[in-house]
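Okay, so here's just one chain, in structure tokens, the form predicted alone.
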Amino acid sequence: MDFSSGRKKSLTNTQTELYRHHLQFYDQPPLENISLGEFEAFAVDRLKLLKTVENVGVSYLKGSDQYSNKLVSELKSLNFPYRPDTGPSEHDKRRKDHISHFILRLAYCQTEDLRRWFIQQEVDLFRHRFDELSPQQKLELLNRNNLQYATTSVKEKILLKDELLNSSYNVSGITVEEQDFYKVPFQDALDLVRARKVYLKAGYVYIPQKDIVTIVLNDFRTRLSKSLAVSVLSSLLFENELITTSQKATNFFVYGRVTLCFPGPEHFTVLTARSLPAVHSDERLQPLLNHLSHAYVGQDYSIQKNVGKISLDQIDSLSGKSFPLCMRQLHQSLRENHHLRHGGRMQYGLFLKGIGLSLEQALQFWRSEFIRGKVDADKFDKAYAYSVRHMFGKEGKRTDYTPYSCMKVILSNPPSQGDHHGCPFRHSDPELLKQKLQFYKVPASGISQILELVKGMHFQLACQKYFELTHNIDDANFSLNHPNQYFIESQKVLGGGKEIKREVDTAQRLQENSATKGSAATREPAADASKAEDEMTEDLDSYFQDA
């Protein structure tokens, strides 16, 4: 017998009900087929959105007009739901929102730091969307998700009128009588109790309707936290075969040729976990999901776009004006010690390649600096020149390596004693960082702002603040994700919107202009490129060792 038509009808009805609402708690898993291409595209767009949520949340007051406008702009550009409308196009947006959330759950459930970051961004996004709902839509959301708290009776409100009036903000004697107050167990509203924004009596708090968002967010956070936390234990049980086949999920999320097992809606807390074994067994998905947690999704800063744009004589000057702090300290260390260990050479060498150093220039640059130290020309040619040519794709696998993104610098290969690579905002002691910023004449007030961002683990935003302070601008008007992006944006600011021009003779300038016209920068999803870069730099690392 053919049951496919009945299954499709049931699936369609489930989706229709699920996507009928602008906002959901993501209790029910996706139950449909999607292609691997759509899987990756949804994941990258969701990651871009959450990174924007993080950046905007630090740069602007949450709930302000600027904050909301920035988020709405990003939601619109990435085709996610941004207002509680209805229509055929909203169904596709809500479908994308639903599926992409669960994809990133798989990627971000693997460590405590990843789970914490994912939960915070999803909660902030949920808060923004909840604030966009009308009072009636908010009430419907509460009812759909079993958040049916008892409202205070008129008689009780009259008896507690003075207490409610004194404990609640923006509540007058008239509004106390007119609006609803919810009687909620105090442990469900700890944020409000801590801020002394509600009246507490006999283990219950009385919450005005306008503050109910706190309760909703706490519930959303709790559900999502449980869903991600249980995944760790469940994954270990699967790996050790302590969960039998009969205990596995009964619903399926199918994409490509791979079936991810999800539990039924009533068991949402283990839904992410039971997907992990299927993912770990698929060679196409595991690298993608592992990479998403530190993926770079911005512009590709490869040498083809910038070759020949700078001369060796310009590097010292540019390092003080347009290099991010990580590259500035590498350049300074190289000039002082005439040597960099392999981690520093990789990070700085690929950056210089990205801003326009050709292979011939790179060999000349590294040789001239190293022979000023303890390495003679013959030793350089034997021990180091090969690795430079390999970096440019002229040796080994002939792979043209790309510069490191901020996330790669922050998360991979932390520096040890004697190293100078890494991110100064992530890997430097705060006091040493403060001294370094003072040496570079960053204003005291600006240093305090940077250190506050570092304390909150917003390392890229700290670097962006450093950009603003060193370029004397109030708002950088971009989200910093790459050291080479820092360099390009710096040159635009210093050059009045124009990028750096190399001072060469007319004939060479014409040749460079011709090459530049054929290689305009494009912005495209870079998950594949960044993933390949991670694999390729492992090979490069073996060549780029100290002799």
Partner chain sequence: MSSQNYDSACLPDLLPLYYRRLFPFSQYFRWLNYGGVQKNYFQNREFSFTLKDDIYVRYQSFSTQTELEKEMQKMNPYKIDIGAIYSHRPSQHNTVKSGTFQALEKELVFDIDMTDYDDVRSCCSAADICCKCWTLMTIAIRILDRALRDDFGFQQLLWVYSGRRGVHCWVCDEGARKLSSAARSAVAEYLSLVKGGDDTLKKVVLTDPIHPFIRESLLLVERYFSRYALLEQDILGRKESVEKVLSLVPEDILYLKELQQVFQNEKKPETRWKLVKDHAIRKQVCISGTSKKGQHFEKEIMLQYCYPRLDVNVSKGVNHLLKSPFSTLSLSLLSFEPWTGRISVPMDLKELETFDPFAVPTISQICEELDRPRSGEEDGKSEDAKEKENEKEAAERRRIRDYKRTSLAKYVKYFDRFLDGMACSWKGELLKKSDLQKDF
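Take the two forms, find the largest set of C-alpha atoms that superpose within 1.5 Å, and that set is the rigid core. Bear in mind that the values here come from a model prediction, so they are computed numbers and not experimental data. Residue numbers count along the first chain shown, from 1.
This protein has a second form, the form predicted together with the partner chain, left out of what is shown; the following refers to that one.
The listed set P443, G203, G418, P135 contains one residue whose heavy atoms approach the partner chain in the model of the complex to within 4.5 Å, identified as G203.
Only one of K455, R196, K155, K374 comes within 4.5 Å of the partner chain in the model of the complex through a heavy atom, and that residue is R196. Listed stretches are 318-326, 126-134, 158-166, 382-390; the contact stretch with the partner chain in the model of the complex is 158-166, by a heavy atom cutoff of 4.5 Å.
Contact check for Q187: a non-hydrogen atom falls within 4.5 Å of the partner chain in the model of the complex.
The Cα shift for K382 between the shown form and the other one, taken after rigid core superposition, is smaller than 2 angstroms. Once both forms are fitted on their rigid core, the CA atom of V205 lies 2 Å or more apart between the shown form and the other one. Once the rigid core is used as the reference frame, the Cα position of L192 differs between the shown form and the other one by 2 Å or more.
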